[in-house]
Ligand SMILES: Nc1ncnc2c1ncn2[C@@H]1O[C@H](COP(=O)(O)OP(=O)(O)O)[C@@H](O)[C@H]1O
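Given next, in structure tokens, is a single chain: the form predicted alone.
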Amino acid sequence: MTAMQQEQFHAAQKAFIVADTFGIDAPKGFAVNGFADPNHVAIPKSDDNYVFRKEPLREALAFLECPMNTGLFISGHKGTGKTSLITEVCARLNWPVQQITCTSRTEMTDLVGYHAMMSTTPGAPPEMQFQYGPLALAMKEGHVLVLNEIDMMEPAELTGLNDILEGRPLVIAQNAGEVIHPHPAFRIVATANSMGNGDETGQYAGITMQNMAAMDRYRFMTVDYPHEDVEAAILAKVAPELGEAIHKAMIGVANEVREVFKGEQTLSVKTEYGEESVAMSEPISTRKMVLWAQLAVQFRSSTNAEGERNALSYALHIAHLRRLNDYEREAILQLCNAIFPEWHD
């Protein structure tokens, strides 16, 4: 990067006070760098109802501030907020994001770019042009590259990122050997349901064990489901009409189901043959719980308490239960009966 480019980069930056920007308790005056321009098309849209958790936020900000020639690998169960953590941080720092969800068929060429027939203006004859992929764009422009479900990708393909993670330039052979030096604001973030060691739980199909040398170039973060205080704050924002008692019961049900899903607790269902232990194939994520609450508000009767309880059950069926088998569904409904003050299915 030339001296002029360096000067332009520093001029584009802006300091953000952490406590004010992210709504958490932080030392007075503590700030992190972001960008002054809030209008870039690649800046994620922020969710005003999002509640930041202090520890994951601290690690994410430390990485964005100084990556030290590493990528950030965020692991956790589905619905724990791995991707949203980064996109919500970047939304508030005006930091553009390039994002792709990886599959077993994702190749380095999908990240780097490819040639395609394109028209420069409507109606003009198409010409062969090189289209930059998300990796090339992020390196050129100083964006955060988010690779979702990175452990679905073939390990041999991912080794193509090794040199990039160490700060070396990207050479695009298929575009006349173009050399892209990494922008100072370029970052790589990966999300996954594993730690790159394969799926030890048997719950996530398609996960592959990653190359040890590739994994050596990341720092690691684990994100679990939010603490009940955080989820209570979220529900208070998205569905205040339900009240604290209902919020607390919803969180209690979700946490019980999550513990069973993770194998840390057992749940039984009463059948005509007695009680049977049930495993959970799906957790109730924060995202699902928010949907449950919003649907309950939509369907509830504001003048009929019994109708409100029926709305909670109806909403839970739509948001989550219909995907489950009969035993799982019945186990959760019996759990609701035990946890909610009153519950009508």
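This is a predicted model, so every value here is computed, not measured. All residue numbers are counted from 1 along the displayed sequence.
Another form exists, predicted in complex with the ligand; not displayed. Remarks below refer to it.
> Taking the ligand as it sits in the predicted complex, is P226 near enough to touch it, meaning that at least one heavy atom pair lies within 4.5 angstroms?
Contact check for P226: yes, within 4.5 Å of the ligand in the predicted complex.
> Would you please decide whether C102 lies within 4.5 angstroms of the ligand in the predicted complex, comparing each non-hydrogen atom pair?
The answer is no: C102 has no heavy atom within 4.5 Å of the ligand.
> Any of the heavy atoms of H77 lying within 4.5 Å of the ligand in the predicted complex?
Heavy-atom contact with the ligand at 4.5 Å: present for H77.
> Any of the heavy atoms of I234 lying within 4.5 Å of the ligand in the predicted complex?
Yes.
> Choose one stretch from 23-31, 280-288, 310-318, 63-71: the one whose residues place a heavy atom within 4.5 angstroms of the ligand in the predicted complex.
Result for this chain: 280-288.
> Taking the ligand in the predicted complex as the reference, which of N255, T208, T159, T83 has a non-hydrogen atom within 4.5 Å?
Result of the distance check: T83.
> Only one of L267, M108, A185, V230 comes within 4.5 Å of the ligand in the predicted complex by heavy atoms, so just point that one out.
It is V230.
> Listed by sequence position, which residues of 42-72 have a non-hydrogen atom within 4.5 angstroms of the ligand in the predicted complex?
Heavy-atom contacts within 4.5 Å come from D47, N49, Y50, V51, R53.
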